[in-house]
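Take a look at this single chain, the form predicted alone, given in structure tokens.
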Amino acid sequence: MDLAVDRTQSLPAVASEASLVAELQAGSEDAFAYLLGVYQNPVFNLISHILGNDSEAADVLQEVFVKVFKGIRHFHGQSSLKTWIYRIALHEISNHRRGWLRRRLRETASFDHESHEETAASWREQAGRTANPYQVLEQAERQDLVKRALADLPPVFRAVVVLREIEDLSYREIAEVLGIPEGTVKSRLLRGREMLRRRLGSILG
């Protein structure tokens, strides 16, 4: 699965989410390609910011879309397709954490060299299209700082902060993804933002 390629520009337009779901359930390869083009990068960003490791995020991403492809026949539209996919992603993140808990506890908050190089390479690739190298480097360093700070937040607060501040989901969508009331979303977000500000302040000295 190529995470770096934006395929949405070459994919066929889909009239509505209902028709997309119908095509997916019928096994349309074009519909699956469209789904990947729309969702693989946002879902990868979600996983990466919660796990704090791009390499592990890529592994989890594969599992997420395996589950999406296998489970789409059982999707009946009780929620939006987007929140359904995000719920699967959070479930797979939880599975990954449980499976690798012992190793994760031994890891430090800093990223290893390989992970940093992968992130830098991704930004370098974007540099030719969107910004000069200095802007790209600044963005990559900022992203690294945010990931380090997020890694120290308790998971319940980290998920809400990432979904709201990075993925830009509404309170209602976050409530659907996490299966909690909107009031709980707002209180966790308030607490998570404050903890994130304190952690960023600590990192920046």
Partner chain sequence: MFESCLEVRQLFSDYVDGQCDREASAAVRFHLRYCEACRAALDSLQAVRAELKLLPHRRVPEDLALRLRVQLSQRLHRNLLERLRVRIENAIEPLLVPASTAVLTAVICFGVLMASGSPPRANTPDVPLQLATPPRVEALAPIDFNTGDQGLTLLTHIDASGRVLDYKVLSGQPSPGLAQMMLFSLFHPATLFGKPTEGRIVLSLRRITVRG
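Positions refer to the first chain, counted from 1. The model shown is predicted, which means the values in this text are computed figures rather than measured ones. C-alpha atoms forming the largest set that superposes within 1.5 Å between two forms make up the rigid core.
The discussion below concerns the form predicted together with its partner chain, not included here.
Visitor: Is Leu190 near its partner chain? Define near as a heavy atom within 4.5 Å, in the predicted bound form.
Guide: It does: once its partner chain is placed as it appears in the predicted bound form, Leu190 has a heavy atom within 4.5 Å of it.
Visitor: Taking its partner chain as it sits in the predicted bound form, is Gly37 in contact with it (heavy atom to heavy atom, 4.5 Å or less)?
Guide: Contact with its partner chain, yes.
Visitor: I'd like to check something about Val66: if you look in the predicted bound form, is any of its heavy atoms closer than or equal to 4.5 Å to a heavy atom of its partner chain?
Guide: Close contact exists here: in the predicted bound form, Val66 approaches its partner chain to within 4.5 Å, heavy atoms only.
Visitor: Taking the shortest heavy atom distance, is Asp54 within 4.5 Å of its partner chain in the predicted bound form?
Guide: Although its partner chain is absent here, Asp54 would touch it in the predicted bound form, with heavy atoms inside 4.5 Å.
Visitor: Each of Ala18, Val21 and His91 near its partner chain in the predicted bound form, meaning some heavy atom within 4.5 Å?
Guide: Negative, none of the three is within 4.5 Å.
Visitor: Taking heavy atoms and a 4.5 Å limit, what residues of 154 to 181 are near its partner chain in the predicted bound form?
Guide: Heavy-atom contacts within 4.5 Å come from Val161, Arg164, Glu165, Ile166, Asp168, Tyr171.
Visitor: Tell me, please, whether between this form and the one not shown the C-alpha of His49 is shifted by 2 Å or more, with the rigid core used for superposition.
Guide: Superposed on the core, His49 moves its C-alpha less than 2 Å between this form and the one not shown.
Visitor: Does the distance between the two CA positions of Arg191 reach 2 Å or more between this form and the one not shown, the core being superposed?
Guide: The answer is no, as the C-alpha of Arg191 shifts between this form and the one not shown by less than 2 Å after core alignment.
Visitor: Once everything's superposed on the core, is Arg158 shifted 2 Å or more at the Cα between this form and the one not shown?
Guide: After core superposition, the C-alpha of Arg158 moves less than 2 Å between this form and the one not shown.
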